[in-house]
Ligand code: F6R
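Just one chain follows, in the form predicted alone, and it is written as structure tokens.
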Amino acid sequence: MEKIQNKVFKSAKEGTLFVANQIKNLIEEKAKSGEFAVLGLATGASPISLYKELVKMHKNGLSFSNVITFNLDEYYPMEPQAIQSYHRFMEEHLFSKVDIPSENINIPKGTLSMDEIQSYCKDYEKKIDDLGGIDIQILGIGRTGHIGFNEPGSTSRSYTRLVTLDKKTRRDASKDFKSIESVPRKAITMGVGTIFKAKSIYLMAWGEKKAKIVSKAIESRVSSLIPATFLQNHPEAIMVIDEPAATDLKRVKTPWLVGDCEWTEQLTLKAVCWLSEKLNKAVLKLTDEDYNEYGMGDLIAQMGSAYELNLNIFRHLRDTITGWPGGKPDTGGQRRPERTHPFPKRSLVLSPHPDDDVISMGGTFIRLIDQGHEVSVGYMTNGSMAVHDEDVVNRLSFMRHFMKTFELKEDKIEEFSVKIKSFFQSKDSSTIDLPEVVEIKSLIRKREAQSAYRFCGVDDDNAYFLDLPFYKTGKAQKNPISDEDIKRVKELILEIKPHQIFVAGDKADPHGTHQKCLEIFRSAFQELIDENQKWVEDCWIWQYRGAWLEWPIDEIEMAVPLSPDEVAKKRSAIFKHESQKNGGVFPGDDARAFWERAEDRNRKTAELYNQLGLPEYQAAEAFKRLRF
């Protein structure tokens, strides 16, 4: 079923090291024979870790003096020093940190006139050919299946040229430009034919948000609708992916359709739920014939009968459902996701942005408080990047009119407002906000969060704004995680010493904040474990998802059902975040407001449980245990 060679690594870090070593070996071999190593380089999120590894190798003695590089693409038009420029990207992540001669660097120019582009592209192509072609070409993959900026419809014979960008590609890029309207509509890119002339190709893809397109590139027939499938015809093309990016491959998603399986408890649960959904039959209605028809005859032989298997799975699913996310008092706690004791619990909710707590687990948040637990919430970043400039202007205008109406001393607010308004008028997509603007946006998010947690029933004394440093760059690309980030989270956990912690386990948000916050939490909690903090052993960690994806049904370990009234109350809590109500700055692929996405996701989770034969609820929030 797989039509292109691929290597699946446990983590992106391991996959990155594999590719970095291929490049290192090439550079060293070419240096021995006095030749140039010609590299084709990519930009975007996937190769950032690769460039970090190459820089590390350079510090350990690897010279780039015999390296010539050709970048895949550049936006058009685009100034080389603009924040979103691939010239600047490469300079910041690689070229300024290694000893490559500047004359050996080639990146398509985004400042050409339209009359110059055609001849420039021919010269770019000729320069590659004159060097004997690219030795190693690095690629990423977009959600449309594009490689470089070769969008659906590109041919295998396409060469370096000016192209029009697909709307999905522009939407994905909007995280860097702050709005889709600011994303250039065109780009200069190497063609598929140019890429094919490379001697070796490594396409890297990390994370579950790339899983669908990765499976299509590997398993679908060659088609111009998915340009990455052209790589199936290249003799030395390898897709290097991590386990999350491989989750949609048939051998991972439905291995029983591919060959014999080792039937673990987790795989059995996954297979039965899949079959139930596939046939639109409740779990308890599945028959021996159903299992045999879909490659699970050996599972039935192992279990004895469909009846026994169905009953085991049904009981498991039933026992994940609870209306007591903090544990139910005066019960033995059997068959419930959370422990009965201690009761009440100290519960800590960690929210990457100031609204993730109510968007992702608002119903559970409210229920924990209503059921008497001591709930604290920690907002990990200030969320300032997700506030529209217009919201700042509106609030400053309100303040001016408020002060005039009540004849209050205006002080310097008029002068300050004029300064901010003037800044916004001259601002473009590459401009970083003034410190004053960042502060105002941070205050907007903080006040909205306060309104939401107070509505839910949390006191100000139990709310913490950590303002982690990694987030404070003024642009989509964040700083590396620092010791200070970890320290702040660790100190909060130590102060509360919670019995349960709720953290965001979502890696699908468009700007990666959730993933970094999870990494910071894991590091902080691991330090507490290493310090032999005894109370840590009794602290359970529950992961929730964000506004983009939900846990697969076979991974859910606690589902908290919500009534219609609770759904309405959760929506009211989300609405307290007025700056996000009508669409965030970084919506990702889904243009709906966050409250709409959350309700739709929670409703579908409840519907899925009902489809599998469980009770029918209005909605349900799902959680998965994180174990160290």
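The first residue of the shown sequence is 1; numbering continues from there. Please read these numbers as outputs of a predicted model, since none were measured by experiment.
There is also a form predicted in complex with ligand F6R; it is not shown, and the following applies to it.
Heavy atoms within 4.5 Å of ligand F6R in the predicted bound form belong, among the stretches 450 to 458, 147 to 155, 235 to 243, 98 to 106, to residues of 147 to 155. Taking the partner from elsewhere, Val55 is found to have every heavy atom lying beyond 4.5 Å of ligand F6R in the predicted bound form.
With a 4.5 Å cutoff on heavy atoms, Thr43 counts as touching ligand F6R in the predicted bound form. Of the heavy atoms in Tyr464, none are within 4.5 Å of ligand F6R in the predicted bound form. At a distance threshold of 4.5 angstroms between non-hydrogen atoms, Val214 is out of contact with ligand F6R in the predicted bound form. Gly140 is the sole member of Pro337, Gly140, Gly546, Gly110 with a non-hydrogen atom lying within 4.5 angstroms of ligand F6R in the predicted bound form.
The contact with ligand F6R in the predicted bound form, taken as any heavy atom within 4.5 Å, belongs to Tyr86 out of Tyr86, Tyr159, Phe177, Phe525. Proximity of Pro47, Leu72 and Lys210 to ligand F6R in the predicted bound form is complete: all three residues have a non-hydrogen atom within 4.5 angstroms. Along 373 to 390, not one residue places a heavy atom within 4.5 Å of ligand F6R in the predicted bound form.
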